[in-house]
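Next up is one chain by itself, shown in structure tokens, the form predicted alone.
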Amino acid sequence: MATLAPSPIHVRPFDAPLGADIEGVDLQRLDDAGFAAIKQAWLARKVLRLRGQDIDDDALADFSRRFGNLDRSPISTTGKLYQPTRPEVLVISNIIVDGVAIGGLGNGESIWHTDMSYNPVPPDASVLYGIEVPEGHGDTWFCDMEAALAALPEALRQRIATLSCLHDSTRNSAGELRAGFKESYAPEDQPGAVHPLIRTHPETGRKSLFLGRRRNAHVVGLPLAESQALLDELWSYAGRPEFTWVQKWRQGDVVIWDNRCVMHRRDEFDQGLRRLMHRTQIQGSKPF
């Protein structure tokens, strides 16, 4: 029997500053031309959604790897991998089996953040696949940080043009302490990586506000009170409704976002609702 040609790919932008649906794609039959179209749409729209996928970890990793080499999953609260044989696949879930969590981040709110910005070289992108999804619960929000930067008053943009920020590595986006870290540190001893507050996208050349996450962040070279006031002002622009789009999950959704210019967060949901997702991340380059 002859192999059918892949269906034409259609990009349907959302009525939002970022995001688009990619229609007509089966990730297990994606050819090079199809991927090129996806990559072009991703750079333009920053967040893409592909619905109705039915893939395993091999297919998820194969698709993700077309964007670049894969990162290892981040440090968990236990220090152990949820999938020891697949260190590049992170399990995100609130499901408990025999008293043990099968994944991370549970069911609580996940605050605005950039994935793994506490590393010297954060990932370029994250790919999240909804395996078991309580529809109508646990929505994921995305914020266009290019738009947030453009909205800053000119004097504020000038003030932060040469400033950098320390990104805390001790806690995950649900506020849980990672294995191997203490509850608190003096500001000068805070673990994490330092990145510029304004980041230049290495592929598009566009600039965005690069905040990472708020907790324990510190603007390098500023007194604590001045740093806190400046970060509070910058964060007041992040997450504004006019810069965001919300992903309402369905089983089989695959969402990929540009970690260099997009932040995200998750709504909390009831622990009695089962949620299981697998995530990969694409290795990045040092922010500049």
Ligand code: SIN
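Please read these numbers as outputs of a predicted model, since none were measured by experiment. A residue's number is simply how far along the shown sequence it sits, counting from 1.
Omitted from view is the form predicted in complex with ligand SIN, to which the following refers.
Peer 1: Would you say all of 45, 208 and 243 touch ligand SIN in the predicted complex, counting a heavy atom within 4.5 Å as a touch?
Peer 2: Not a single listed residue reaches ligand SIN in the predicted complex, so no.
Peer 1: Heavy atom within 4.5 Å of ligand SIN in the predicted complex: which of 124, 146, 71, 115?
Peer 2: The residue in contact is 115.
Peer 1: Taking 4.5 Å between heavy atoms as the contact cutoff, choose which of 198, 91, 128, 166 touches ligand SIN in the predicted complex.
Peer 2: So the residue touching ligand SIN in the predicted complex, by this definition, is 128.
Peer 1: Residue 105 versus ligand SIN, in the predicted complex: is there a non-hydrogen atom within 4.5 Å?
Peer 2: Residue 105: contacts ligand SIN in the predicted complex.
Peer 1: Indicate whether residue 67 is a 4.5 Å heavy atom neighbour of ligand SIN in the predicted complex.
Peer 2: Outside the cut-off, so no.
Peer 1: So in the predicted complex, does residue 172 come within 4.5 Å of ligand SIN, heavy atom to heavy atom?
Peer 2: Because no heavy atom of residue 172 falls inside 4.5 Å of ligand SIN in the predicted complex, the answer is no.
Peer 1: Contact between residue 237 and ligand SIN in the predicted complex at 4.5 Å, heavy atoms?
Peer 2: Output for residue 237 is no: heavy atoms all beyond 4.5 Å of ligand SIN.
Peer 1: Where does ligand SIN sit in the predicted complex: which of 259-267, 217-225, 22-30, 45-53, heavy atoms within 4.5 Å?
Peer 2: Residues of 259-267 come within 4.5 Å of the partner.
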